[in-house]
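Same chain, two forms, each on its own as structure tokens: structure 1, then structure 2.
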Structure 1
């Protein structure tokens, strides 16, 4: 359920589903997202579901905050929609040249790199959302002792394929991009395909992801 609706600027609705970031709150967000998407409401031009929020952007030429808020408050959400999910294995090379922030993590977490990687490679991750850059999956949940904040100043360029950690999540940079996540390795797998307009994302909200370690050679010669 939406706990609170406020405005984000003059052309977006900010729907808050509560402070808890877990799979059940996130599933609620995704249900609202899918329901609103299906209804094709006039003036709405974008929906951004995230862990515990849904942002609804609209065209200020066609509608306004009050109108969209009323529509959202009176929505009937179809609770029978099941999330379709699949399992995906993502190859990752942890060679020093890719693991840009592993030393920072060892220092911050007080855990050595061998244990950090052990933890990541044995885990099943749940995809909460995709975005920031095209197709980037946000994967949870890291163990409590593995959680660390973003970099204080984001990098101007994070290399394509970088696997990063922040708080309870891991992600994969589908393109070179600015970003502030702690980079621990690199995947050669194509996560986003812009030529597949219908289904461009390899990983979608609700999917289960595991990481598999590969060598630098395997990374270099990776063939999909």
Structure 2
């Protein structure tokens, strides 16, 4: 449940669900996010969910903080309702030309690459949020023995489709971008489609993601 609602500037609410970063807390964030989104409340123009926060932006010409705060406080959110999730399988090629940081991970984690990939491909990941770049999913939760910090020096360019690990999360770069995640492979799957105005994200908060290993030839021929 929401612990506190406060102002964020003149035209936004900051809904705080606590400090913990886990699936239970994030599920509550997503339930509020989807409930508010579904109600199409007058004046609300953007919703931004994160691990344990929800920012609700609104148009000051149409509404105000007190009105939106009251609506949010009176939402009927059943904590026992199941979160409806899609299950999405993402193909990943781990050829050395794509696995830019696998040697670093072997050194940092003290685990050989065979075991690293075994852990990744047998895991079900939960999408906590999307962000940083459009449609990029933040997928938790990596096992404790698979967690590692970001690169000491971020790359200026991380290739589109790169699959990276940092701390308790995995992600997929939806565009070429600067970044410091530990890259273990690349997916040819289109994760973000800017031409799809209704739902450009393939993966949304609350979805379940698994990774499937493919060869370099399969990667190259994926969209043919």
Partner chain sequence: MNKNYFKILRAGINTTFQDGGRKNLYHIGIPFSGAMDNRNYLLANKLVGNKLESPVIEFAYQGPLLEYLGEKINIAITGDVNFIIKRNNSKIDGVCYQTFEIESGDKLDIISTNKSVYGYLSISGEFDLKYQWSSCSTNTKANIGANEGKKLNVDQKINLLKINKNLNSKKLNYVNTRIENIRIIKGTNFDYFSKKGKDLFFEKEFTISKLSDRMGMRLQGSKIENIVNTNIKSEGLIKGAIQVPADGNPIIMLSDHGTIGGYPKIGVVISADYDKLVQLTPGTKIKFEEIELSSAESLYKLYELETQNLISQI
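Definition used throughout: the rigid core is the maximal C-alpha set that superposes within 1.5 Å between two forms. Given the structure is predicted, the values throughout are model-derived calculations rather than measurements. Positions refer to the first chain, counted from 1.
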Legend entry - Structure, 1 versus 2, that is the form predicted alone: 2
Legend entry - After fitting the core, residue 72 CA displacement of 2 Å or more between the two structures: yes
Inset, instruction - Could you tell me whether the Cα atom of residue 11 shifts by at least 2 Å between the two structures after core superposition? - result: yes
Legend entry - C-alpha of residue 59 off by 2 Å or more between the two structures on rigid core: yes
Inset, instruction - Quote the shift of the Cα of residue 45 between the two structures to one decimal place in Å, the two forms being superposed on the rigid core. - result: 6.0
